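Take a look at this one chain, the form predicted alone, written out in structure tokens.
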Amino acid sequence: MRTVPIAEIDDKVAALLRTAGQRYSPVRRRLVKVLRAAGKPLTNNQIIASDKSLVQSSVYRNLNVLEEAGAVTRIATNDEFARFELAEHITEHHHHIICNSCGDIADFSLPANIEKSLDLSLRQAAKKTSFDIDNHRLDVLGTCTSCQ
């Protein structure tokens, strides 16, 4: 996956927050920085562990604001913890491998030709049910090395 420059990410997040009537506060900037650096969706506890200056109540509140603005996406897994990542339109299109046991997630991208073929196949399948696809998200489920 390509690394999007932090300045470009900051510009996109700031614009989304402005549109939502919010500001890009220092806490929100730190949250975005942590999520960008992680390279995979993180739980609240993982976010706090990554930046000791973040306070739990502030993380919850600001993640909700970022999610409502469309800058952050919440990922639900089989465990009790939601995970958060920067929205695809801010970074790039990707998919997830999710552990059924611990809920850990890894991001992955497909080669362009496979992505194109997958998108075409999904659109053909949707057409049979008169469904119009805007985008797709692929989650692969399995068991991580730690849980095997």
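Note that the structure is a prediction, hence the values are computed from the model and not measured. The first residue of the shown sequence is 1; numbering continues from there.
Heads up, the form predicted together with a further copy of the same chain isn't pictured, but that's what we're talking about next.
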{"property": "Contact of Thr3 with a further copy of the same chain in the predicted bound form (heavy atom, 4.5 Å)", "result": "no"}
{"property": "4.5 angstroms heavy atom contact with a further copy of the same chain in the predicted bound form for Ser57", "result": "no"}
{"property": "Contact label in the predicted bound form: Asp139 to a further copy of the same chain, heavy atom within 4.5 Å", "result": "yes"}
{"property": "Partner proximity in the predicted bound form: Ala126 to a further copy of the same chain, non-hydrogen atom cutoff 4.5 Å", "result": "yes"}
{"property": "Contact at Leu16, Ala20 and Leu35 by a further copy of the same chain in the predicted bound form, all three, heavy atom at most 4.5 Å", "result": "no"}
{"property": "Options 85-93, 105-113, 47-55, 24-32; stretch whose heavy atom lies within 4.5 Å of a further copy of the same chain in the predicted bound form", "result": "105-113"}
{"property": "Partner contacts for 120-148, taking a further copy of the same chain in the predicted bound form and a 4.5 Å heavy atom cut-off", "result": "Ser121, Leu122, Ala125, Ala126, Thr129, Ser130, Phe131, Asp132, Ile133, Asp134, Asn135, His136, Arg137, Leu138, Asp139, Val140, Leu141, Gly142, Thr143, Cys144, Thr145, Gln148"}
